[in-house]
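Below, in structure tokens: the form predicted on its own, a single chain.
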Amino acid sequence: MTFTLRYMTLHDVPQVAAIDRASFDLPWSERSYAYEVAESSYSYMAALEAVTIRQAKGWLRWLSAWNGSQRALEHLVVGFGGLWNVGDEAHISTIAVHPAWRGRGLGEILLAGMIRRSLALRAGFVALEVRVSNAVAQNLYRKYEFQVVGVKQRYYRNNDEDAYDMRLDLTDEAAVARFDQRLAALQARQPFIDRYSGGDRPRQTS
């Protein structure tokens, strides 16, 4: 199995929206994701793709046999993230992993990729909001040295829960060096191909 972190495309939107609906009480619409991908000038949407090998069946088996193989590649979007860049702020707008793929460190890949993309954009800091009750996500953010700088009262519309405003300072050279060490350790633990953090955003049409 191979994991690839890359830019989200319009083709990904149905899979992304399905993961969103399975992850959040207030999911974004497919139209919102299409806007972020194809129209927004400040959005850098990420998709994490898993490529698995499975036995071909039916006409695919016939085609694979004709090509000399009984196996077919399956490309699945297993997670996604949203990053906005305005001025010196990089803002993580959303991040989620498909429920069936959680517990493998894939959310950490998405987070690290968006931090690295923020560095490439020369942002001064990364900001995000997280539910005060979401200890699992907070632990991951704190691992990457995000700090709570405030509380946004009744931020979530479905239950009026507060959100922590968390930020990561990208102007601290020592902190950036520690991030590089964490990224290297992550790559060693869960290898992935990064086609997102250093590349230009591809042009897409809606």
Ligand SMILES: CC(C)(COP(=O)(O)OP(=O)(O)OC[C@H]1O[C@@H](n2cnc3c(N)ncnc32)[C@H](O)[C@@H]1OP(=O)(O)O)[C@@H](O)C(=O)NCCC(=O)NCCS
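Each residue number is its position in the shown sequence, starting from 1. From a predicted model like this one, the values you see are computed outputs, not experimental measurements.
Just so you know, the form predicted in complex with this ligand exists too; it's not on screen, but the next bit is about it.
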Point to revise | this ligand: the contacting residue among Lys143, Arg31, Arg154, Arg178 in the model of the complex [heavy atom, 4.5 Å] | key: Lys143
Study note, to complete from the structure: Contact with this ligand in the model of the complex, heavy atom within 4.5 Å, among Ala123, Ile115, Val97, Val77 goes to Val97
Practice item. May I ask you to state whether Asn85 is within 4.5 Å of this ligand in the model of the complex, using heavy atom distances? Key: no
Practice item. Answer yes if any heavy atom of Glu89 is within 4.5 Å of a heavy atom of this ligand in the model of the complex; otherwise answer no. Key: no
Exercise for review: Answer for Thr171 alone: is it within 4.5 Å of this ligand in the model of the complex, judged on heavy atom distances?
Suggested key: no
Check your understanding: Counting only non-hydrogen atoms and a 4.5 angstroms cut-off, does Ala137 reach this ligand in the model of the complex?
Key -> yes
Point to revise | Triplet Gly103, Leu106 and Glu129 all within 4.5 Å of this ligand in the model of the complex via a heavy atom | key: yes
Exercise for review: Scan 1 to 26 and note down the residues that get a heavy atom within 4.5 Å of this ligand in the model of the complex; none is a fine answer too.
Suggested key: Ser23, Phe24
